[in-house]
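Encoded as structure tokens, the following chain is the form predicted on its own, with no partner shown.
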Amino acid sequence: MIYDVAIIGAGVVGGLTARQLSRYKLSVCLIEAGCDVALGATKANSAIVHGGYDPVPGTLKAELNVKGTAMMEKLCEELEVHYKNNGSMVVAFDEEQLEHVKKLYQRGIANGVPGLSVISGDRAREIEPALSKNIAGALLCESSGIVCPYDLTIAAVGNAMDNGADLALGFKVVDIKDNGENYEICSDDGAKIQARYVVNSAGLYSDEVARMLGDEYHITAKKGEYMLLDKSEGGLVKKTIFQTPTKAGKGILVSPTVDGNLLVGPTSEKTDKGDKATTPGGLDTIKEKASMSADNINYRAVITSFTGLRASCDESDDFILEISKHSKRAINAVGIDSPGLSSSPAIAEYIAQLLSDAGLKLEENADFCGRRVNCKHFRTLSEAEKNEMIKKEPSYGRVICRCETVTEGEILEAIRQNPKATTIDGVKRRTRAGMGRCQGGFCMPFVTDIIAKELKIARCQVTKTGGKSRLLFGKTK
């Protein structure tokens, strides 16, 4: 089969682009090197839907950030993804920083960001009582929000598949050949996919894919370490609290998550593309700087720490979204760092237009359905709804993850619904089994058994993250 479009990289941009293209009468294949979607930068970031006051006016980042943020609430409603318009503050600790905050306000006004105001430190503490007494003032943004990035990606890919798109996992692209009409995309195991058009949304590896198309970019990985606190601490702040940004980035934030935890971080440093280690120094930096913003952060309640990698392009501080200079039926999406998540719905539309400019015919698909019916989280239902669900399917009456009240029925649904969960972490991202206080200490063996039984494989074949990440290697007797 020769697809109309092949999209390389199943992060939030690739997933939403696949969904956008499934609106048209096109055959689409989403290609991913990993064993699941949302395994790169999409998996580990701040989960913030930025208002759009930070990007320089006139840039793609400014245009697509504001547009994407405005699209996000409706998109999440259609895909049944949890989104909160919680708002944010950028806090200043002295007059010099307060002047910078005022410049951000002016920049936001130029970008068309709604709901912006500069407030005093006292007013900031009225809104958020946990804020430090040392805060002199803040930029208040009412239009920003929070979302779960991998929930959004999983739902977007699933919706694209519902509308006919294909997903090729475990397909590491090592070569792309163009005969003038079709591209032949080759994987490291010899598999091949053919397509008339190609979209490069490979994140950290978008420069390597671009070189296969004849284009030259250089991606630098920027490492950000985070700490996640238990839900007992999730109410410390309601809004996302930023510090005044520097050249290194938006700084250490303190923010609630859509699932009720408290997130602090990230650090920012250049690193290798494979470096996802957390470090004592990085975590100490988070503690020191986050405590400047808010009092009484209980670091004894940290349940996990993790690292995310951002794809920063050496050639430009802006998003690079353009038709290839050497392969006129290919689109490069390069350097999609912050605010990539916020901009992703608008980026998907932008890529579709670039494909049209490159010659792809976009004919509306009358059968397209943009709504996604996701598995309902059992813990969110009323008692009557829970009883009704258990009556229809008894597996919803068996709680597997006690920390997050995740049932066997939800885990089975995650394994069965596209894109299917085939690993322990795949189940975790879809259901939150293993994301609670014990971090899978009690439920992981049960999740392993359910995966093995449903996929009809031995327990020692079940992996945590794919590849060789097996938990069991055989019986001792």
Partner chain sequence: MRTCDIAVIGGGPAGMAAAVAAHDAGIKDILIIERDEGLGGILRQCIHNGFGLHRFGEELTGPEYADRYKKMVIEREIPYVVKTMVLDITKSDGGDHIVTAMNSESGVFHINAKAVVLAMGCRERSRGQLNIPGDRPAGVYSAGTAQRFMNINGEMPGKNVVILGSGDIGLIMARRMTLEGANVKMVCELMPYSGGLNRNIVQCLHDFNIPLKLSHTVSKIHGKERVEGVTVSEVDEHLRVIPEKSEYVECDTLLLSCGLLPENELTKSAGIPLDRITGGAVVNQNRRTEDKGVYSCGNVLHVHDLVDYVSEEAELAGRSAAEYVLAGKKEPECIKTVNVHNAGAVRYTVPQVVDIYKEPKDIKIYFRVGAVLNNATITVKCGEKTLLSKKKRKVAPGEMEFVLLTEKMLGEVDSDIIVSAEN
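Positions refer to the first chain, counted from 1. By rigid core we mean the largest C-alpha set that fits within 1.5 Å across both forms. Predicted, not measured: the structure shown is a model, and the values here were computed from it.
Keep in mind that the form predicted in complex with its partner chain is not shown, yet the notes after this line are about it.
- Contact check for 115, 120 and 260: none of the three has a heavy atom within 4.5 Å of its partner chain in the predicted complex.
- For the residues 359, 397, 245, 370, the 4.5 Å heavy atom test against its partner chain in the predicted complex is passed only by 397.
- Put simply, of 189, 95, 383, 181 only one has a heavy atom within 4.5 Å of its partner chain in the predicted complex, and it is 383.
- Contact with its partner chain, judged by heavy atoms within 4.5 Å in the predicted complex, is confined among 442-450, 413-421, 49-57, 65-73 to 442-450.
- Interface membership of residue 402, defined by any non-hydrogen atom within 4.5 Å of its partner chain in the predicted complex, is confirmed.
- When contacts are judged by a 4.5 Å heavy atom cut-off, residue 133 does not count as touching its partner chain in the predicted complex.
- When contacts are judged by a 4.5 Å heavy atom cut-off, residue 89 does not count as touching its partner chain in the predicted complex.
- Mapping the unseen interface onto this chain, residue 456 falls outside it, with no heavy atom inside 4.5 Å of its partner chain in the predicted complex.
- Interface residues of 299-319, taken as those with a heavy atom within 4.5 Å of its partner chain in the predicted complex (partner not displayed): 300, 302, 303, 304, 305, 306, in sequence order.
- Core-superposed comparison between the shown form and the other one: the C-alpha position of residue 179 differs by less than 2 Å.
- Comparing the forms between the shown form and the other one on their rigid core, the Cα displacement of residue 296 stays under 2 Å.
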